[in-house]
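We begin with a single chain expressed as structure tokens, specifically the form predicted alone.
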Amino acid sequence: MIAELLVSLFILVGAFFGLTGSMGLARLPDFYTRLHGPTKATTLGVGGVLIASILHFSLMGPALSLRELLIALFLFLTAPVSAHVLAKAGVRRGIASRAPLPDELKKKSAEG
């Protein structure tokens, strides 16, 4: 009973962050701030669901299930890198931001 409640709690936490990230993607005003929402949804939302999966399969199966840790490691390594690459591509393409850019990025975006 307690295990099922914990699994349900982590699924709800993951769903909450997934919903929050999706709302951020849809509602935030520009490209750079929209990058923030899905990144959080990936790391926190999927993390919550993966913790729920670890608990569920570890408690229902004969051994500890650690495949989800590899998935989490992959997501934690790739999500920030992909967001950084997208932001750099946006700066290079000259996509306008509502926030002021640091001076070094202004020079790089002006150079092309």
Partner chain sequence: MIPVAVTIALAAFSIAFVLSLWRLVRGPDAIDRVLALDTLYINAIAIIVLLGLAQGTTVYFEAALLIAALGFVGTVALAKYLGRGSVIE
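Positions refer to the first chain, counted from 1. As the structure is a prediction and not an experimental result, all values here were calculated from the model.
The same protein also exists as the form predicted in complex with the partner chain; that form is not shown, yet it is the one meant from here on.
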| request: Mark residue 93 yes when one of its heavy atoms lies within 4.5 Å of a heavy atom of the partner chain in the predicted complex, and no otherwise. | output: yes
| field | in the predicted complex, residue 60 touching the partner chain (heavy atom, 4.5 Å) | value | yes
| query | Is residue 22 close enough to touch the partner chain in the predicted complex, meaning at least one heavy atom pair within 4.5 Å? | reply | yes
| field | 4.5 Å heavy atom contact, residue 26 and the partner chain in the predicted complex | value | yes
| field | Contact set, 61-82 vs the partner chain in the predicted complex - heavy atom within 4.5 angstroms | value | 67, 68, 70, 71, 74, 75, 78, 81, 82
